[in-house]
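What follows is a pair of forms of the same protein chain, given separately as structure tokens and numbered structure 1 and structure 2.
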Structure 1
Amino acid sequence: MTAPGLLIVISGPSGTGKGTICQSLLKRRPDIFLSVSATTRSPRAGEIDGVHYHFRDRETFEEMIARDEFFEWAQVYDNYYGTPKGPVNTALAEGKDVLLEIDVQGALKIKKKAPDGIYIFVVPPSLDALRARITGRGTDSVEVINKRMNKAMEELAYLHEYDYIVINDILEEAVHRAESIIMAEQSRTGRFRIINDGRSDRPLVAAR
């Protein structure tokens, strides 16, 4: 039987650069399975249904909640966001490492269900940088930006619920650090078994 993959949760305040880090990380590590969330928010320019999100109306999303189809779901600002359970469980069962990019309340809910996951908190270098990023993204009104800034400070209080921090100042360094964390976790001795088959030309260890 294949050992289950790692569940990697990348979280942090909105606009901190989680999505940007995950996209770069996945280019370097195409072996990692990215969970595509469902949301009731409208697609932004360039976003594709089924790639960036599964865009659903409120009624459909609520039916999915009633059918218990989510690993976790949360209301983030004025919309629902949720992690569909099926694809995540299938990928983990196949031994694939799975990446979730979700907000702080969602990450804390997942941690209760999956305490063995790896929880990474992405922090902006400063509040000014965070505001500049959210503003620069050009997708949110001033009111929404202010809401997100206030929420960021509240969310930072949960830092110590996480295993690792990545300060996203220089993007390449942040991606490198996130990848290093994942590689260290993949290298834990507990994930390996010794092969003792008397063959001197074969690997000595294999993933459990």
Structure 2
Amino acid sequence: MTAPGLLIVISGPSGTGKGTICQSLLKRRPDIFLSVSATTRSPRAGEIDGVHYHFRDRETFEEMIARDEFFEWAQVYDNYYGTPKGPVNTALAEGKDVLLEIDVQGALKIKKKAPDGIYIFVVPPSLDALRARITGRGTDSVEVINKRMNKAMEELAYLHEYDYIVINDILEEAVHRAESIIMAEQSRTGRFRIINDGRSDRPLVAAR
């Protein structure tokens, strides 16, 4: 019997490096299934349907909302964005671990529908480091940077809604810690059953 996979949700304020951690984690663990969001916005140059996003027209997206086919969804300006349940649930049922990178608000919505997931909160080593990372992008005004910092402070208040914290100071160490969390969760006793058929050549435990 194949044990269900783990739903791994990596979240945190903008600028903490959660996306970079996810990319590095997937390189180390290509067996992990990456959840792909759906959107009604048009594909940009080089974007591939099903790889970067599931591109859907507005009518189709709203029909999916009505059928409760999203873990979470939101409207950003004129477009919808959401996390489809179907591909995630299929991968989990096949025993694959699923990785989902999402903002704090989205993660909290998903937790209501999937409380058994593994929720990892990525934080910077300090607020000064976070401001330096946001400023280092070179694309935002001082006003925008201050707004991002204020939002980050608001989102940090939800830290205890998560199961684990990963401090992203040195990237390699942060990725290693995230991978260690996944390995520990895979080894929980509740995911196994004892085999007791009297045969000494059989494994002692197997997936539930």
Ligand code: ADP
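No experiment lies behind these values; they were computed from the predicted model shown. Rigid core (definition): largest C-alpha set, two forms, superposition within 1.5 Å. Here, residue number means position along structure 1's sequence, counting from 1.
| request: Quick one: identify the form predicted together with this ligand, either 1 or 2. | output: It is structure 1; that copy is the form predicted together with this ligand.
| Taking the rigid core as the frame, does Leu171 move its C-alpha by 2 Å or more between the two structures? | It does not reach a 2 Å shift.
| Threshold 2 Å Cα movement between the two structures for Thr135, core superposed | Yes; that C-alpha moves by at least 2 Å between the two structures.
| Rigid core fitted, then: does Ala74 show a CA shift of 2 angstroms or greater between the two structures? | Yes, Ala74 moves 2 Å or more.
| said: Give the rigid core superposed Cα shift of Arg44 between the two structures, in Å, rounded to one decimal. | reply: Comparing the two forms, Arg44 shifts 8.2 Å at C-alpha.
| Following rigid core superposition, Cα shift of Tyr53 between the two structures in Å | Tyr53 is displaced by 3.5 Å at its C-alpha.
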